[in-house]
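Shown next as structure tokens: one chain only, the form predicted alone.
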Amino acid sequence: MKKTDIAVVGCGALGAGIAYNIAKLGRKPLVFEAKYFGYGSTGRDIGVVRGRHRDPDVAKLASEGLKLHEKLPDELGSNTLFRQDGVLTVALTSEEAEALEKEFKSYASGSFIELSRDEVRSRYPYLRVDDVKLCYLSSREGLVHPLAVLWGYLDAVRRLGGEVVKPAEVISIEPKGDKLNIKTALGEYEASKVVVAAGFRSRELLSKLGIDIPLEPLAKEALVTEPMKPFLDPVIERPGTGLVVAQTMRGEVIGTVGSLGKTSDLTLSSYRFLRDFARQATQLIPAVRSLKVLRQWTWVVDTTPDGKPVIGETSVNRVYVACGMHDYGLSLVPVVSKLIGRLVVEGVEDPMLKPFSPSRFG
């Protein structure tokens, strides 16, 4: 049986980030990836980074996550392709405007500005603003390349002496005295501590230990178009419908709207999504009307009943969890991975983590 100090289950951006922060504190983590790098939500996410959230507890994490995203390329010595061109949040109906105003009033002042219709037209002449009822610009937010974040963390983990194995699906974790026995598709391992960061699959794995984390999968669709000359500076979002539209550095337009509901089926793909995205995106950005769609895909996020992540030590000693990140997980990756790294290695629980304890579900 192979032995390791601290094991991390799941090698998306979060799992790799946790392993990096563990290695940074002088330990030698071993990371298990079930499929291949980028198979899960990290490789399918469109990469929006926000520093705010409706829930004040999550908002604290998001704000700190944004600050750490700004520093991450220098820290890792790797370009994460983080572009802080801003996020422009719009409401197109009176009901949406009322909800949006209430939401933004709860945020810290200075993190955004309200723009009038004329100001939006002046700044972004390619936008059709006739139907815009209310608009806010969060200038420090933007777009990151999810796989660039993942690879940056992976390279840093290896430099610091950590190890990643794949394809090594973890089948079970079983306490054996003061150690934890980890059964994987590549054989059995023994670890002193284990961190489970496997997205919505975390629930099934933890349930075998008698830990019930009420995670539900939520499937979302996205698409990418052929490239055109880059012109779309901020990410455009319409929270009332879930619309997000952005443009990559190469000029492709990417985006999402709505969801497929509570399913983990990655093979699903709907015409409804294509229709709704095309209608809503062209309503705001007429210039994308003639673009051809190159690819459409589905990704699955893990959600919780109270809308908050699950982060901390479980009821089973030396077993930790980081999951339930919904569709804002990429924004939180740098801060969550840093805080849980300290918790696992040093036993220090930052006050920001207390609202996300697994124990809140009993």
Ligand SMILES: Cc1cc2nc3c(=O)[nH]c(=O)nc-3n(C[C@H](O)[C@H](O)[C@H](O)COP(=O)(O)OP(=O)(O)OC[C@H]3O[C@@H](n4cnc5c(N)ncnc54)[C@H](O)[C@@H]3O)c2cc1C
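Residue indices: 1-based, along the sequence shown. Computed from a predicted model, the values in this text were never measured in an experiment.
This protein has a second form, the form predicted together with the named molecule, left out of what is shown; the following refers to that one.
Annotated contact segment (heavy atom within 4.5 Å of the named molecule in the predicted bound form): 169-177, selected among 286-294, 121-129, 87-95, 169-177. Contact annotation: of the candidates Ser63, Thr314, Thr304, Ser41, the single residue with a non-hydrogen atom within 4.5 angstroms of the named molecule in the predicted bound form is Ser41. Contact with the named molecule in the predicted bound form, defined as a heavy atom within 4.5 Å, holds for exactly one of Val253, Leu206, Val257, Ala197, namely Ala197. Annotation: in the predicted bound form, residues Ala222, Asp327 and Val333 each come within 4.5 Å of the named molecule through at least one heavy atom. Interface residue remark: Gly47 is counted as part of the site for the named molecule in the predicted bound form, having a heavy atom within 4.5 Å. Although the partner is absent here, Gly10 is a contact residue: one of its heavy atoms lies within 4.5 angstroms of the named molecule in the predicted bound form. Within 4.5 Å of some heavy atom of the named molecule in the predicted bound form lies at least one heavy atom of Trp299. Shown alone here, Leu14 lies within 4.5 Å of the named molecule in the predicted bound form, counting heavy atoms only.
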